[in-house]
Ligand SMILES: CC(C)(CO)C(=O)C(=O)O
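Read the single chain below, which is given as structure tokens and is the form predicted alone.
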Amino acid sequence: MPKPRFAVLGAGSIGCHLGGHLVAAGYDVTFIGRSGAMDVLRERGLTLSTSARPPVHLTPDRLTLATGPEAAAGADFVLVTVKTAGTGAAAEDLAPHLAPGAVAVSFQNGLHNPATLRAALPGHTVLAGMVPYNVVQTEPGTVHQGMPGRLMTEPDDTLFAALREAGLAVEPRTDMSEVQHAKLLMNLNNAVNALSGLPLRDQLGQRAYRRCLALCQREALAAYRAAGITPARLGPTAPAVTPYVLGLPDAFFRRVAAATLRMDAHARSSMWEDLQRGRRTEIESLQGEIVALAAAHGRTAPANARLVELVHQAESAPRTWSGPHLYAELHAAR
């Protein structure tokens, strides 16, 4: 039986990480991304790195690169990794080119991307997926996985077999809505990390920054309760307990949350990367999602709302915040 063909729509850090592993395993993958990013891959190739094993370099001749959605024609699976704000337009552009029976898989932050894809791609299967670990571009043409973890998606045997052959751990989930809400709680740290200017391990090692995240998570959990949402438990700590753990003194936190800090010095949030490259962030689909959910149920989420404002300011005038100053700013907003 021939191997399935893949296309990656939105070949940034996550898309290159997923597609690169599939290419290394012998799969036919077309990378579709911005012309500047594709030019870098055309010149340098793609390097996949992690602290757990030696880097893998894919020379340019092993990469099929494109800038338009028509390049997805003939793919059996399209891995969608565009930013949330671009999902609707990307799906509409993709629709005329998607082969009958092709499956789209959303590996994106945010809660609504699978629904957006389904609305634009009637008659096609759309799977919700999630990347629970950090991937960042450490230099042009190099994407680095900074921590361990397993991909999660709705079940598909062919997709799972390919991902596993590519060396990517994957877990089938039938509760992806609950998983996505749990991932959103984790991703509320993206803004804190971006404004800190620090690697994730250093930022999470400081109590003041963790207290910022705890403020955001408490507001999110209150909004979830009002909406009748129960987030999945993805790690050793239940979501309802996590804000208390985040507030522990540093020495206790390191002991209790050792797994959380199991990341290397290169790990940073994707939002930090966006600010460094002068790109629009996904703050509206992270903190902004909590603000909107709270408002829909007669509540407020002032710490999250203030972070939305601070990140938008940083998009045009980058600055970093110390942990105590950021916590004071968020606490004062309450």
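The structure displayed is predicted, hence computed values, not measured ones. Numbers follow the displayed sequence, beginning with 1.
This protein has a second form, the form predicted together with the ligand, left out of what is shown; the following refers to that one.
> Although the partner isn't part of this model, could you tell me whether M186 comes within 4.5 Å of the ligand in the predicted bound form, counting any heavy atom of the residue?
M186: yes, in contact with the ligand in the predicted bound form.
> So, in the predicted bound form, is A223 in contact with the ligand at a 4.5 angstroms heavy atom limit?
No - in the predicted bound form, heavy atoms of A223 and the ligand never come within 4.5 Å of each other.
> Tell me, yes or no, whether G149 is in contact with the ligand in the predicted bound form, where a contact means a heavy atom of each within 4.5 Å.
Because no heavy atom of G149 falls inside 4.5 Å of the ligand in the predicted bound form, the answer is no.
> Looking in the predicted bound form, any heavy atom of G141 within 4.5 Å of the ligand?
No, G141 stays farther than 4.5 Å from the ligand in the predicted bound form.
> Within 4.5 Å, heavy atoms only, which of T153, Q217, S196, N109 is in contact with the ligand in the predicted bound form?
Comparing distances to the ligand in the predicted bound form, the residue within 4.5 Å is N109.
> Looking at 266 to 274, 41 to 49, 291 to 299, 55 to 63, which one sits within 4.5 Å of the ligand in the predicted bound form if you count heavy atoms only?
That would be stretch 266 to 274.
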